Structures are given as structure tokens and as C-alpha cells.
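Only one chain comes next, encoded as C-alpha cells, the form predicted alone.
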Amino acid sequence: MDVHIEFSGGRGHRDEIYRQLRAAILDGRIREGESLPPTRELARRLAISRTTVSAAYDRLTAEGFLAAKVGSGTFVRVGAGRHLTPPPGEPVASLRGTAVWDDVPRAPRGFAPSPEFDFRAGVPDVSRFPFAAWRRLVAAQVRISNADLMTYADPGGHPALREAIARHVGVSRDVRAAPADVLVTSGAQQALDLVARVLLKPGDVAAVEDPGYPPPRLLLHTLGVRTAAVPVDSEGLVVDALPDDCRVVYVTPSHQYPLGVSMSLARRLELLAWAERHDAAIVEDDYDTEFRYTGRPLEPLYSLDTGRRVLYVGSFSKVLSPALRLGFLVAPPSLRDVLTKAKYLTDWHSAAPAQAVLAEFIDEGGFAAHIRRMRREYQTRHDLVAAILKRDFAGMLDVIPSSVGLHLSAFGHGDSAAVRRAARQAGVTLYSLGDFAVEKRTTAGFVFGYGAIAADRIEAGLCRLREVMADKGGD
């Protein structure tokens, strides 16, 4: 490995090399088992005698930090490294983030290992990811040695992927868009971030659903945007409750998160008319609409919009894998240039090799076939969860009708948060509706995700939950 040695002039070169390597081993910067540069190479880089470097290595070897292997080199001895706490009196960093970040919960460090019964909403079954097809397509990209994919790329996205997305949403969702209307993003979350950056300024008002997905609201808050929590009923967002000074409305009309209701056609038209009157924009997050099990899907707001006020957001996280970090934004032509600028300034562009592979996967039909397979699997789980809730939780929970997506929700009674905590102790992880409430209008009830739990585990998991609820005297 490459090591950095700095000569301060206060000690001899041998002592400096010894001291700095020893410190790096002790605090873990050089790990056990790693090799150090050959003495000849390090001496050449430092412009000193090889004898000096050898003397420092010999001292570290004598003290048990290093071990020499003939013909292989010099390595940090296993057991030599240990992490040290900062010495007393070491100055504490005084830099702090702005106060707005104090209101944001701690960022998750990825999803923890799956619990015994995993009913977390919004988590797809990544064990069904099309690994074989993906490996084949990645290997094909490597074989052709496409250097264009390994340099800076168009912030708007890989041209082939933009074309593939435009075709996909045009056929599957009747979202009629040209490839130029499509901006590839690092997931749906970045799409909202870009929209907020180009349409809102600090002090502006944006509306979010209540209950609703927390990250958009928190994101807007960190940008200095005031958020208005708008209630949701059986027909979706209550348009009459929107404030007149609202500039952007964030909605999940196809499968409201977390209640699961679909916005009625009448309410969709009402929302579009409201946006036209108030010169506002609508962000339509269509996060899992590929998984519809019964009935004909309602027209997206984007397709009904004649005033070019809807920005359509989609993601591949629920269909394929959250790890891809690929999503997209379909925007009106008037916003193309400014959104591309914002994407460029945020992270320049999403990973080009992954975009190229996904474009091939869509074009050769693998994406559509994967959706069909997963739709059948998720429908089995959806129907099983719905049937068990209706049969075994009567009087405890009232299931909210839904026939799309990766979760079902149910209203309940009492302290759902306490039940959720007790359930987690019993090996059952799920969210309560209160986890998504903004102004605590809806707190009693649960959200049952079935993307991450196999069908043959669902009944046992819900049985365990029912036992917990019975011990708590109902929900």
C-alpha cells in the first residue's frame, strides 16, 4: 500500500518513519495484514537512504508491529493494531451544521438485517432481482470496452435509457413524453430535490400529504421551504385544504403513501384545476404503480394535465432494487434546461454504466418480464395479507381497500406505537400509521408491507402480531 510520511525536521528520519507508521497501525489507518512498501521503494520516494528505512522497519518488527515474509514483503502483524481513544485534552471540533438539520432524524445506515417477520413497507424482494440477466448485460458492456461510459456524461441521462423510459411510461402508464422530456435521477428523492431547487425559494410554501412519506417533507424543510400538511381522505388529497399561497404540491395519487388509497378521477381533475388557478406545480410520485392487481389504473395526473403543470416522478427502486439508485423525472419542456443545470450542479450525472445496462434490460424485454413475474408474486402476498387481516383481526383493525403496490394499511384503535414496539421485540417489524403523520391527524393503525417477506412466512408473522395485540388489549 501507499503510505505518507512527513518529515517535520524535529526528529531524525528513522524516528519519524517509525513514529508515523506505528501511529497509523495503532489507530487502524494501516490495518492488520496489509503490506508496507518495500524499503527500496519507500527510500526512493522519500529521497533518503534505504538503510534508514530498514532501521525503522527493524524497530517496528522487534516491537511486534511488523512481520517480514521472505519473497513476499513486510506486513503488519495480526494482533498489532488496536484503536485508541483520543488523548485527554484533544480539541473538540467546533463546526456544526445549521439549526435546520436539528429537526431532521438521524439518517439510516441502510436497512438492518431482516427481522424474523419483515412487514416494513416500501421494501421490495431483492432476492428476486434478475441477477443472471444483469450479470450478462454488465459483462457485455465490459467486453465492448465502451470508453464513453467511463467519462463524464450528459447530466440529463444516458440517451438510450431516456428513450427506453419514455417508451416504457408511454406504454404502461400513458405518459406521453419524448426522450428529451426525461431526466435520469439518482432515485425519486433526488427528483424532488431538483424540482424544489428550481421552483422554490426559502419561505415559499409546498404542500405534502398527511399522513405521508416523511423524506420529501424533511427535504423541503432543509431548503427553507415551509410545508403545509394537507389531509387525505378516501378519494386522496383534500384539494379544498390546500393553502392559496402554495407553490408546489407533492402527491402520490396512484397509491397514496401510506394509506394506499387511489385518488379519484374527480379529485385529480379538481387538483389540476386548482394548480391552474393558483399558478402552482404538482409533483406526481408514481412510486409502485407497476404492481396493480385488479381493475384498470386511473389516468396519471401527467396524462390529464393540459396546462403543463405536472412533473412525473418514477423510480426503479421498488421494481428492481433500491441499490441501483436510478429514477427519473418527466418534466414540461419549459423546465428541461433549468432541471438539467440543477442535476449537473448536484452530482453531474447518475452512474453511466448502470444506466446503459438498464437501457439494454428494458429494450430486450427483461424489465417487462420481471414486472410480470413480480406482479404475480406480490399479488399472492397482497391477497394473503388482506385475507388474514379480515379473518383474524376483525374488531381490531379495519383494512383500507387497496389493489396496488407493496403494502396494505389498516386503521385501528389505541396506542399503535406501543404495539409496534412490542411487536419488534417479538420479531415482527412493521410501521404504524403514526410514523407517517405530520400533524398527528391519523395515528392509530398499521402499514403492512409484503415486499420483503415470503408468502410462506406471512401467516406466522401476522399470527405473532395478533398475539402481541391481544396482550396489549387490542390495537
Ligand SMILES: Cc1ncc(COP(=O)(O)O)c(C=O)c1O
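So that there is no doubt, residue numbering starts at 1 and follows the sequence shown. Since the structure is predicted, the reported quantities are computational estimates derived from the model, not experimental observations.
Although not depicted, the form predicted together with this ligand is the subject of the following passage.
Judged against this ligand in the predicted bound form with a 4.5 angstroms heavy atom cut-off, the residues F291, T380 and S402 are out of contact without exception. Checking 157 to 165, 271 to 279, 69 to 77, 315 to 323 against this ligand in the predicted bound form, the stretch whose residues place heavy atoms within 4.5 Å of it is 315 to 323.
The closest heavy atom approach of T340 to this ligand in the predicted bound form falls outside 4.5 Å. Remark: G187 counts among the residues lining this ligand in the predicted bound form, judged by a heavy atom distance of 4.5 Å or less. Using a 4.5 angstroms threshold between heavy atoms, G122 counts as touching this ligand in the predicted bound form. At a distance threshold of 4.5 angstroms between non-hydrogen atoms, F367 is out of contact with this ligand in the predicted bound form. In terms of contact with this ligand in the predicted bound form, the residue from F117, W134, Y213, F393 that brings a heavy atom within 4.5 Å is Y213. Using a 4.5 Å cut-off on any heavy atom, the residues of 283 to 316 that reach this ligand in the predicted bound form are, in sequence order, D285, Y287, S315.
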